[in-house]
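Quick heads-up: it's one chain on its own, the form predicted on its own, in structure tokens.
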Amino acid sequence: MKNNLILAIDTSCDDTSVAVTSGKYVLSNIIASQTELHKQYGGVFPTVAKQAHKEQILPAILIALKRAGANWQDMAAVAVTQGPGLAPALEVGIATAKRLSSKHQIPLIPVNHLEGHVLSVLAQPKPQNVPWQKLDTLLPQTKNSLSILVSGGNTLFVKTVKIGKYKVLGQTLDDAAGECLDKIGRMLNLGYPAGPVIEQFAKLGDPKAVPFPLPLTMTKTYDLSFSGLKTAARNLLEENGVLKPLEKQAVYDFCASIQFAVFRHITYKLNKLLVDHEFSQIWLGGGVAANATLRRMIRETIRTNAGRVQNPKLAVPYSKKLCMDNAAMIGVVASYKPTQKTDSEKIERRPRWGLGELKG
């Protein structure tokens, strides 16, 4: 049987991830977190991230192969995130993928990280008790779907014309949604990363307790802007130029209110999109896509416009692990790409590689 497995690598930011995939099926997905390393900096420190990737990537590869029950003779290709991402971090994954491609004489497939988040909803867990050699290799196809990507680095609405060809319909003009929540969390002294803490505290608070503005209501575009919400939060928290501490319940209410404000902005723009366009499906991906409140608010918006969506059920990754940066989604994307031999030496990092630049 022809080899059809892909070993995928993602080092786009601060998580070292290696996966083995077969078409849409995920055989293993290893993620080595660097969160503890970056806590003292309050954010990702590039040189620290690069060194940690160097130390973690080879052990992650060995574990991914072992958990998949596969070896190098089974691999059809190596896939790697080429961008966008943190340049020093991307370097490590690309350099490792080049060495593996050369050593094992298999093609190297460069993948756009954002396309990974778009197609993460297509990934499926490997069925139990079915050897990978007997998995169905037929890949799902789709067109005219709308993807909502919400993460710490990106927030955008993307139309899938067909897999491999995308049109960005709207995007943030400044901060990403996750970045906004993290920065406001730091104002509240919630540590790093603050976004997940805000989500937990929001469950204990009143989302209507603190009024926040709804940005960009006068524009006809589907673009977003979160910097104004960040400024509004600072103004509410500042007293004589100093951030004032809040009582416990006030913190909960503030977290619930700012989270609601960020997600309301997204669903307001989503509603405009659904009024103006028709889509086959709605997909949600990215780190913040794991947030249950965001999912609920998006589902409510879709329900209001159900007639504008062929399949109104919101599609999300089967595991919250696939919402965060991971290599499994890179492997799924790579399965749609041709695997002919390419000159791997010409593959270099692309830190600002946009989805609109892909040619389907």
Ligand code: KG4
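All values derive from a computational prediction rather than experimental measurement. Position 1 is the first residue in the sequence shown; the rest follow in order.
The same protein also has a form predicted together with the ligand, omitted here; what follows describes it.
The candidate stretches are 283 to 291, 157 to 165, 219 to 227, 248 to 256, and the one lying within 4.5 Å of the ligand in the predicted complex by heavy atoms is 283 to 291.
When the ligand is considered in the predicted complex, only one residue from Asp74, Asp182, Glu91, Asp175 comes within 4.5 Å through any heavy atom, namely Asp182. The listed set Ser151, Ser147, Gln82, Ser120 contains one residue whose heavy atoms approach the ligand in the predicted complex to within 4.5 Å, identified as Ser151. By the criterion of a heavy atom within 4.5 Å, Gly195 is counted among the residues contacting the ligand in the predicted complex. Taking the partner from the other structure, the ligand in the predicted complex has no heavy atom within 4.5 Å of any heavy atom of Ile61. In the predicted complex, Val309 stays away from the ligand, with no heavy atom inside 4.5 Å. Contact annotation: Met324 falls within 4.5 Å of the ligand in the predicted complex, judged by heavy atom distances.
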